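We give C-alpha cells for two forms of one protein chain below, kept apart as structure 1 and structure 2.
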Structure 1
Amino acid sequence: MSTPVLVAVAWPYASGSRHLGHLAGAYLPADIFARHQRTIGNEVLMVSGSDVHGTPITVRADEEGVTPQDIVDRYHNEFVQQWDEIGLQWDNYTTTGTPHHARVTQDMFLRQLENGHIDKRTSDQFYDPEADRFLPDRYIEGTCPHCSYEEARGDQCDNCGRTLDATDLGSPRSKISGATPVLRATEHFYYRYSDFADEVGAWLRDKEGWRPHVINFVTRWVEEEGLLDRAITRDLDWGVELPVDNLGPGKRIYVWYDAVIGYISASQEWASKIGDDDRWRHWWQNDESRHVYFIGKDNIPFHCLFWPSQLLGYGDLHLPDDVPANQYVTFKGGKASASRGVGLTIREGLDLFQPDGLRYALAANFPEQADTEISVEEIARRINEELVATWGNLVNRVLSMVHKNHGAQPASDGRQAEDEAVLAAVDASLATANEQIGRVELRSALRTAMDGAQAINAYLNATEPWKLAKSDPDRSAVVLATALDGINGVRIAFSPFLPFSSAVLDEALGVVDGWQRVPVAPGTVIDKPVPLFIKVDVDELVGDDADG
C-alpha cells in the first residue's frame, strides 16, 4: 500500500554560495531518500526553498550596499541552477518571499494567537547607539556563554551548536558599527513554547529508531533547559509583515519562526500549482503519512522542539516522524562554513567532478553518526578506486563482451548453481539496501550496492567468460547473460545515488519499474558502451586546488 511521504529539506539562507558541507548535510541525502521512496511506490512530496528573510541576507546587503532583494535574487537563482546540475528532484522548491508564504505564516500566527499561545511582552534588546537602531540577533557577535567561542552569533553558536539569546553573549559587539550595544526596552510578540513542554517531551519519549545524537540532544535539552518562550518578532523592515498592527511600525515576524512554516506553505503552493488546492492535506492532515526532515546538526532544536510546538499550537497538523540530522562535514579539520569561507562551494565541486561522481563520493562520506572529513583528494579517490574501478568497470566490460560476442542479451537456459548464487546475492543486496534507505542509513545502503557489484565481479573472475568464449561458447553466453541480469539488479540499488548514469543504463537495458531485479529480455540489443564515469586526474585537481 502506498504511503504519503513528506521529504522536508532545510531551507538555505539566500545570503551566499552553499558549500559541499550543505550538500552532504541535507540536500543530497534528501534526494537519495526521496528517489528511493518514489521507486518503491510511495507518494513523495519533497519540498524546500530559499530562506530569504534571514538576517545574514540583510547583513550582506549592508556590506555590499545593495538591497536584500538583490542578494536574494542572486543566490536563489544560483541554488536553483545548481540543484538541477546535481540532480535534485524537487516537487516544489520555492522561497519564503512569496505572497503565498506570507499568507500561510500570517494564518498560523493568527490561529496561535487566538488559541492563546502568543502574547505581547516588553523586553530588553540590544540597540546600536552609533547606528541608531535595534539589532537583530545576527547583527551581534560575542563570546558564547557555554563554550567561550568568541565569534558566536546572537542567535546561535556555530562552535557548540547551542541556541542563544543575544543577551547571553559576553563582550557583545555590533556587526554594523563595531560599537558595544546597549539594552533598551522594546515590545514584541512571544510564542509560548513552554505551553508544549510536557506534550513535546512525551512525543519525544515515544520515538524509536532516531539517530542517537539527535534524540539525546533534544531529550537532554528538555530535561535541563525546558522549552522557553521566545520572541517571534523583531525590529526589522525585512520579513513577513504582522497581520495585526498593535505593536506599531517597524516590526516583522522573525525568520526562525517563519522559515519552518515554509514546509507547509511550500506544500500548499505545490497543491495550488497542480490545480488541487486541498491536495497538501493528504500529507499534513493524514495519520498514515510519514514526515522525514533532512537538516544539519545545528537545526536540531528548531525541528525537534520549536517546530513541533508551533504545529501543536495550530492544531490538526502532522508532527515529524523522523529527523535524521547529519553531523558536520569538515575540510582540512575545519567545519565547512559558508559565512567563514571554509570548504569547496557546490559550484567548485561541480566544476571539478561529474555530478554522479560528486554524489557518490559525498554519499560515501555522509556524516550520519559523526563528523566526517572531506577533501578534493578524498573525492577523487572514491571516484577512481570505487566508482570507476568497481561499478563503472563492471558495467563497461560486461556490456562490451555481450556486444562483441553476441550483439544482444543471450538466452540464459541451463544456469548452474554458481549462476543462481550470484543472482541471489544481488537480490539480497537489493533487499538489504531497501531496508537501509528506509531507515535513512544511506552510507550503508551505498556500501551494500557496491557489495552487489563486487559479487558480480567475483563471479566473472571465477567463471572467466572471455576464456569460455573459445572453449565453451554456450557456457560463456549463460555467464554473460547472468552477469548482465545481475547488473540490471545492482543498478536499481545505485539509482537513487547515481541518477545520471542510471538514466544511461535505462536507455541501454530498459526502464525497470519498482525496486527489483528484472532480467534483461533475451534478444535485447546491446550497443557498444561508453564508460559511465571519467577517471579523475588527482594531480591536476590538487594542483588547481592549491592554486585557488
Structure 2
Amino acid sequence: MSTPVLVAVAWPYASGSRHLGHLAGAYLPADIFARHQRTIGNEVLMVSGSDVHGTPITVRADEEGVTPQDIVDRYHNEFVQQWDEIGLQWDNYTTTGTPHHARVTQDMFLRQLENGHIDKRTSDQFYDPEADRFLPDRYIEGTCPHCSYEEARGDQCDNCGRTLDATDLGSPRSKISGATPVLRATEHFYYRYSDFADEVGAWLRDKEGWRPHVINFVTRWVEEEGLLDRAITRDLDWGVELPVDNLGPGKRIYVWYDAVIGYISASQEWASKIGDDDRWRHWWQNDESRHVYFIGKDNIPFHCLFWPSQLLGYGDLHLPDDVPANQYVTFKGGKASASRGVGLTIREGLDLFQPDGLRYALAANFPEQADTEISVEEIARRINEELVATWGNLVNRVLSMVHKNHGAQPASDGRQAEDEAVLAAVDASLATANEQIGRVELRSALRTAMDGAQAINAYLNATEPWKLAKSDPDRSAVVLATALDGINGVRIAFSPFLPFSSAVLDEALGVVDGWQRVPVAPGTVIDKPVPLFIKVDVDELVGDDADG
C-alpha cells in the first residue's frame, strides 16, 4: 500500500551561508529518507524553504547598508544553487517571503485568535533610541553582574556562561548603535502555548520509536516546566503583516511563529503549482499519512512542543509522527557555526569534493545518536578508503571484465551454490537496509550497503573469474554475470545516498524501480566503464586547511 509521507525539512535561515553541519543535520538525511520512500512506492512530499524573517536579517542588512530583501535574495539563491549541486530532490523549496505564505500565516493567526488561543498583552521591552528599534536581549551588551565581564549579552554571559536578564546588565548598550537602551511599554499578541501543555504532553507519551535524546528532552520539558505563552509579534517592519490592525503600526508576526507554518504553506503552494489546489490535504488532513521532520537538535522544542501546539490551536491538521533530530557535527571539538567561522560552509565542501563523495562521507558520520567529529581529512578518508576502494572499484572491476571478455551481460545458466550464496547475501543486505532507512538509521543502512559490496568483492577473490577466463570460460561467464547481478542489487541500497553515481549506473544497467534486485538481462551491452568516483588528492587538501 502506498502511504503519503511528508518529509518536512528544517527551514534554513537566510541570514548567512549554511555549513556542513546543517547539511548533515537535516537536509541530507531528509533527502536520503525521501529517495528511499519514493523507491519503495510511497507518495512523498518533501518541502522546505528559506526562512527569511527575523531580527538578525534586519540587523545584517543595516550593517551592510542594504535592504533585508537584498540579504534574503543573496542567501536564498545561494541555497537553491547548493541544493541543486548536492542533489536534494525537493518537491517544493520556497521561502517564507511569498504572499502565499503570508496569507496562510494570517489565516492560521485569525483562526487561533478566534479559537481563543491568542491574546494581547503589554510588556516593557528595551528600545534603542538611536537605531529607532526594539532590541532582543541578545542585542544588548553590558557588564555581567556575576563576573564583571564587559561584553556580556542580554541573554547570557559568554565569559561565565550564566543566563542573564537584560535588566541585570551594568551600563547596558545597544549592540547595534552603542546607545543606551531604554525600557518602553509595547503591546503584543501572545500565543497561549500553555493551553496545550497537557495535550502535547499526552501526545508525546504515546510516541514509540523516537530517538531517546529527542523524546527525553521534550517530555521532561513539558512535564517539569509546562509550556509558557510567548509573544508571537515584534516591533519590526520585516515579517508577515498582522491581519488585524488594532495593535498599531510597526508590528509584525515574528519569525519562529511563522517559519514552521511554512510546512503547510509550502505544501499548499506545491498543490497549486501542480494544478490541484486541494491535493495538500492528502498529507495534512489524512490520518493515514506519515509526517517526518528532519531538523537539528536545536530545533527540537519548536517542532515537538510549539509547532504541535500551533497545529492543535488551528485544528484538523496532522501532527508530527517522528522527529528524528540529529545532534551536531563538530569540527575540532566545537559546534559548527557559520557566523563564528567554525567548520566548512556547504560551498567550501562542494568546492573540495564531488557531491556523492561528500554525501557519502557525511552520511557515514551522521550525528544520529551523539555529536560526531568531522574534518576535511576524515571526509577524504571516507571517500578514498571506503567509497572509492570498495564500491567504486567493485563496479569498475566487474564492468571492465564483463566488457572486455563479453561486451555484454553473459547468460548465467548453471549457477552453483557459491553463486546463489552471494546473491542471497546481496538480497539480505537490501532487506536490512530497507528496515534501517525506515527507522532513519541511515549510518547503519549505508554500512549495510557497503557490506553487500564487500560480499561481492570476496566472492570475486574466491572465484577468480580472471583465471577462469582461460581455464573454464563458461564458468567465468557465470561468475561475472552473477557479480554484475549482485552489483545491480547493491546499487539500489546505495541509490538514496549517491544519486549522481546512481544515475550513471542507471544508464548502464537500467533505472532502479522498486527496492529489490533485478537480474541484468543477458545481452545487455556493457561499455567500457568510467570510474564512478574520483579519488581525493589529500596532499592538495592539507595545504588548504580550510576548516580552521
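Residue numbering: structure 1 sequence, from 1. Predicted model, so just to flag it, every value in this text is computed and none were measured. We call the rigid core whatever largest set of C-alpha positions still superposes within 1.5 Å between the two forms.
Pair member which, unlike the other, is the form predicted in complex with the RNA: Pick structure 2; the other is not the form predicted in complex with the RNA.
Rotational displacement of the minor rigid part between the two structures [degrees]: Relative rotation between the two structures amounts to 33 degrees.
Angstrom shift of the Cα atom of residue 133 between the two structures (superposition on rigid core): For residue 133, the alpha-carbon shift amounts to 2.6 Å.
Per-residue Cα shift, residue 178, between the two structures [Å; core superposed]: Rounded to one decimal, the shift is 4.0 Å.
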